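In the form predicted on its own, a lone chain appears below as structure tokens.
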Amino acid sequence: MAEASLTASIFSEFNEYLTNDQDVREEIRVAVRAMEQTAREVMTTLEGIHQSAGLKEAPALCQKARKLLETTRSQFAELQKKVPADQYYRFHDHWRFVSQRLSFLAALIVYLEAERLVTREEVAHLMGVSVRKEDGFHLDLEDFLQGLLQLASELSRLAINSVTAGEYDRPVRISNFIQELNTGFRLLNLKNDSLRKRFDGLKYDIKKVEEVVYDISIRGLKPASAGGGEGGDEPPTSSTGAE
């Protein structure tokens, strides 16, 4: 009887631990759902750039999207309250995707505003989090890099739609930007499987944009002032991007 009582006591403790763990995870899921909704609203706003007159309205769309994105500061603050101290990576999978998505959206806003690459510090500031692991809750580097790769895919789509809108110099600028992004990623020693696979897909985004640039070049639509970079007027090849 004593042994049975001891066993029951041990498993009772296990059950209490599991119950508490599930309670924490549910609270985290609720907080993350609010962030996911914000991300959808930001993406819906920025989708406007792909409309016929969307690029002309880009400044106003970016301003609205930035304000929406800044609301994630309070949402991240609420999420941080739910995560036990020193257990960031234990629960990180719950907000990994939305963190990547928000990084992408911040990168897209900055690109549309200034046609430059956003920094990790800028994205973290928009979210109201740190970039330092030592500070506990932070913007994970791999989440940020995943967001940049999502940006490349969105810009390849924008290159096609900008031609439809009559902006024939924009695909050239996008091509130069994505090529520079590719160069930066190739300097990294990528060991994360999902990040490596996503980077491998960057070559297809590059190829799409190269095909757009080549098409407008042979049709005589490329403005003379637009620099095409190396091979700007050459047919796109399959060797571009990650090997």
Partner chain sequence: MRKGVKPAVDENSEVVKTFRIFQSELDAKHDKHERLVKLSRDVTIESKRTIFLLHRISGEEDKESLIKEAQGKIQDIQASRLQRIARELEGEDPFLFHRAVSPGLQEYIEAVLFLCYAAERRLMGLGEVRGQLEFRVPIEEGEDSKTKDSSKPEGEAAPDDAIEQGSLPKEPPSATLHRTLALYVSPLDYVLGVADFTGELMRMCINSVGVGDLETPFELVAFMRELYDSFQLLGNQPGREFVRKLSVMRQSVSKVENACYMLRVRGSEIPKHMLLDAISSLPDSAQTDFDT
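Superpose the two forms; the largest set of C-alphas matching within 1.5 Å is the rigid core. It should be emphasised that the depicted structure is a prediction, and the values quoted were computed from it without experimental measurement. Residue numbers count along the first chain shown, from 1.
What follows is about the form predicted together with its partner chain, which we do not show.
Novice: So in the predicted bound form, does any heavy atom of Glu142 sit within 4.5 Å of its partner chain?
Specialist: So Glu142 counts as contacting its partner chain.
Novice: Does His125 reach its partner chain in the predicted bound form, with heavy atoms at most 4.5 Å apart?
Specialist: No, no contact at 4.5 Å.
Novice: Any of the heavy atoms of Glu180 lying within 4.5 Å of its partner chain in the predicted bound form?
Specialist: Answer yes; at least one heavy atom of Glu180 falls within 4.5 Å of its partner chain in the predicted bound form.
Novice: Check Leu148 for me: does it contact its partner chain in the predicted bound form (non-hydrogen atoms, 4.5 angstroms)?
Specialist: Yes, Leu148 is a contact residue.
Novice: What residues, if any, in 196-221 have a non-hydrogen atom within 4.5 angstroms of its partner chain in the predicted bound form?
Specialist: Heavy-atom contacts within 4.5 Å come from Arg219 alone.
Novice: Rigid core fitted, then: does Ser12 show a CA shift of 2 angstroms or greater between this form and the one not shown?
Specialist: For Ser12, whose C-alpha is compared between this form and the one not shown after core superposition, the shift is 2 Å or more.
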